[in-house]
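Next comes just one chain, in structure tokens: the form predicted on its own.
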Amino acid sequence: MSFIDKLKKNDNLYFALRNKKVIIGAVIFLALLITALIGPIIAPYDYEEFAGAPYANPSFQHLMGTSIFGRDVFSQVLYGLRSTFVVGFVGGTLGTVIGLIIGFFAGYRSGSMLDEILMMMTNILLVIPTIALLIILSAYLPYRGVITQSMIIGFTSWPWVARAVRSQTLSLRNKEFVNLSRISGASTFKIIKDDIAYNMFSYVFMVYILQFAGAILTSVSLDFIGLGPTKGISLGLIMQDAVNWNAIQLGMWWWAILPGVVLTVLVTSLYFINTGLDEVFNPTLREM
């Protein structure tokens, strides 16, 4: 059996490798991820180091110019990209996992006291403005690292995931294969893991991509209002410094715009992957 024939047996993988949006998004995302991983190694300067004359335009010596303090913006972006990915991975994973656990158990035990309690918690957090809660939590922490910020974002971003997963679980809990597992004496955890979660893998994967992108954008919002990490660097903090020191007004467009371009490219790659996978997992949208 040829490689193509094996791919065709796995419909989702076969169509994913043929979907232009998935390929373009994945290539850009992986390129940025590799850059983030090796960034501190290839960065010509430390992100806090005085690298040259202030106000320097982009050049071969400083690819993205320098800041008002003479720091190399390119080096800052390389360091900041890693922190941005950390926020996406930690915040996105935490928010997704909490939402999945609550959504699966609430949906499978629909109508029970457990469902009522879990949904009450979810609805309370949905009513509270997330950004206000984030501001309060961040403001009262004397020290905020990237991991701390990521965990705060993760612990406040799960309610919509819980409601969405509960809705999907409700549509699966009375299927024949679930009833068969229930009759055979399988535990609740085993049924959720083997029958419900397995059949929702594509949906869960797309939810995780949205959580990943949402965590990054939320961290940028916190950075912009001065509630980002108290130590370290991120793309949001670079842009915040540029805005605080009037980079655009001083003609230093590279300081404010180029980190934003990198951030936009990252989020756009996730959008391409998500919309492409939607076409892959939905047969009616597939490109034949």
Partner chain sequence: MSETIMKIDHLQKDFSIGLMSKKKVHAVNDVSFDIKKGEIISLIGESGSGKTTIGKLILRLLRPSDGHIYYNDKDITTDYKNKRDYYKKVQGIFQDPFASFNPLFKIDRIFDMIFKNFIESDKNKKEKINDALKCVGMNPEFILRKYPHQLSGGQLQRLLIARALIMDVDVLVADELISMLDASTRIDVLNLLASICKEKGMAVLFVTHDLSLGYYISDTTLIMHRGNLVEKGKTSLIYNNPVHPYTQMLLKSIPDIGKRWDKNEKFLPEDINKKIDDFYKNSDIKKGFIEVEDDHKVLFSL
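Positions refer to the first chain, counted from 1. The model shown is predicted, which means the values in this text are computed figures rather than measured ones.
Although not depicted, the form predicted in complex with the partner chain is the subject of the following passage.
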property	result
4.5 Å heavy atom contact, S167 to the partner chain in the model of the complex	no
Contact of N199 with the partner chain in the model of the complex (heavy atom, 4.5 Å)	yes
F89: touches the partner chain in the model of the complex, heavy atom cutoff 4.5 angstroms	no
Contact label in the model of the complex: F177 to the partner chain, heavy atom within 4.5 Å	yes
Interface segment, criterion being heavy atoms within 4.5 Å of the partner chain in the model of the complex, picked from 109 to 117, 89 to 97, 204 to 212, 153 to 161	109 to 117
